[in-house]
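As C-alpha cells, one chain now follows by itself in the form predicted on its own.
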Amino acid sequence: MLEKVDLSVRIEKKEYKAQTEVLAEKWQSLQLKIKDLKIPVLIVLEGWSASGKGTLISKLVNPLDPRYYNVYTINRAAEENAMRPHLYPFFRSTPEKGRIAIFDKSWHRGLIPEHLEKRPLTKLEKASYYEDINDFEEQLANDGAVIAKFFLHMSKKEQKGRFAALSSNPVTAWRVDEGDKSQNKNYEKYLPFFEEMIERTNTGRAPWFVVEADDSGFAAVKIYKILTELMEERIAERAGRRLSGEARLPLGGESILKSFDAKKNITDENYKRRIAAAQAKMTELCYKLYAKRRSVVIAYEGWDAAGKGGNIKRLTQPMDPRAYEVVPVAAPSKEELDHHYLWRFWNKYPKDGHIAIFDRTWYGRVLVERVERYCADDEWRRAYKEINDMERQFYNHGTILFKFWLQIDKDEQLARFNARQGNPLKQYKITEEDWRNREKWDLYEQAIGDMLLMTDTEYAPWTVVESNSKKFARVKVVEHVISVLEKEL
C-alpha cells in the first residue's frame, strides 16, 4: 500500500503561498463555527521520524485562536501513564465540545515498535489493541467528534537527508537518536507495521489520510484541504441534525430483578463474626494488591436509599487510606458535559496497585439519563456497547472489576425515605428528586433489568446484592470481593 504512494509530488512556492493564504483564512473561520456548534475535533499526526509533524502542527495552529485548541505530545512511558491502560492519557486529553485537540503521535503508537529488537506484540495482543482503538474512536465519533488521522509518509532517502541535516546542527542534533537511525536503516522492515496499523484502524468515522511528506509544502496544503472539507461537511450535517424522539420497544430485561429476593437476612451475631473476619482478610489482600501492582475498580449502583454509603464504609474500613479513593458521582459539571460522558470516569481510573470505588457510575447513562430523557434514545442505546468496551479495556490492562447492584424492594425504600425525613441528621439524604424517581419505579426497574442484561460480561460480571438487610448486604459484598481477590492474586 504505502510502497505505491508517489512521493515525488511537489508544489511550487508561489502556488503554495496562494493556496495556504486562502485555506488558512477558511480554517480560521471554520474554527469559530466549530466552537459555536460545539463540535469536538481530534487531529492525529502520525508517521515516520523526521516526517515534519512539528512543522505541520505549527502551520495548522498558526491561523487559529489559541484559546480554543490544545496540542498534545503524550509520553506513554511516563509513570503516570504506564501504570494504566494504554488509552488512559488519550481519553483524558479528548477535547471539550467546540475545541480542537491536535495529537503529535497518538494512541496508535503502541502498535509500532520503537526498536525492532524489542519483543513484537503477539497476534492476540495486536487484536486486542486494534479492538480497543477502534472502539475508542467509535465512541468519540458517535458522540459527535470529528476525527482526522494523517499518516506522514516519506521516502527512505528523504528521511536520511533530514536526519543528516538535523545531526549537523548542534541546536537540533539531540532530536536524532539511535532509534531514529535504526528506523531509517530498517526502513523496509518498518513499512509492514505502518501498513497494518492503517489498514486495521481505518474506518468511515475515523479515517486515515496518507500524506506525501517529502515536500513539506505539498503536505501542508493537502492537510489543510482535507481538514476544511471535513469540517464543512460536518457543519452542514450538524445544521440539519435532529434528535430522535420516537419511542422504542424495551430491550427485554424487565423480569431480571424479580428473580432476586431482597429480603435475605442475617443474625447480628453471625454478622459481627463474618464482617470482622472479612475485614481482617481485606487488609492483607490490599497489601498484596499493591505488591503485585494490580488495580481494582469497584462500581456501586442501586436504588435510592439502598445503603451504598454504609456498604462502602464497611468495605474500606480495613484498607490503607492511601491505597484507595472513593468517587461520589453526582450530576455532571459543565466541564464534564463538554466531554464524552465516559471522560470523567477515565479521569478517576486508579493507578496500578490502587483501588477506585465509584458511588454511582457510568451506568447513569442507561439509568437516570435514559429514564429522565437527559440523552437521546440512540445515545443510551449505544452506551451498552461503549460501556462494555471500556470495561474490557480495564480488564485487558489487568484491572480487577466488581459491579454491585444493591437491590431493595419498594416497601423497604419507602420505610427508609420516611426514616430519613424524620431524622434531622439524615434529612440531607432525602431530596425531592428521590421522591420523583420513586414515582417512576417501573421505568427504572425496566432500565435496571436492561442494564443487567446488556452489560453482564465474563470479564465484568454484575453481582446483585439483596439489601433489605443492610448487614446481609455488607457481608455479601466484602466476602465476594475477598473471594475474587484471592483467586486473582
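The shown structure was predicted, so the numbers you read here are calculated from the model rather than taken from an experiment. Note that residue numbering begins at 1 and tracks the sequence as displayed.
We do not show the form predicted together with another copy of the chain, though everything after this point is about it.
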- Message: Quick check for you: of 261-269, 166-174, 395-403, 182-190, which stretch puts a non-hydrogen atom within 4.5 Å of another copy of the chain in the predicted bound form?
- Response: 395-403
- Query: Just one of E212, D409, E284, D135 has a heavy atom within 4.5 Å of another copy of the chain in the predicted bound form. Which one?
  - Reply: D135
- Message: Which residue, W107, F103, F194, W346, is the contact with another copy of the chain in the predicted bound form, using a 4.5 Å heavy atom cutoff?
- Response: W346
- Task: Mark E386 yes when one of its heavy atoms lies within 4.5 Å of a heavy atom of another copy of the chain in the predicted bound form, and no otherwise.
- Result: yes
- Message: Contact with another copy of the chain in the predicted bound form for T201, defined as at least one heavy atom pair within 4.5 Å: yes or no?
- Response: no
- Query: Does another copy of the chain get within 4.5 angstroms of any non-hydrogen atom of W380 in the predicted bound form?
  - Reply: no
- Message: With the partner left out here, check for me: in the predicted bound form, does some heavy atom of D359 sit within 4.5 Å of another copy of the chain?
- Response: no
- Query: Which of the residues spanning 315-349 lie within 4.5 Å of another copy of the chain in the predicted bound form, based on heavy atoms?
  - Reply: K334, E335, L337, D338, H339, H340, L342, W343, W346, N347, Y349
- Note on the structure: What changes in the predicted bound form is the Cα distance between Q139 and H397, by 3 Å or more; the two atoms are farther
- Task: Regarding C375 and R205, go with closer or farther for their CA spacing in the predicted bound form versus this form, the difference being 3 Å or more.
- Result: closer
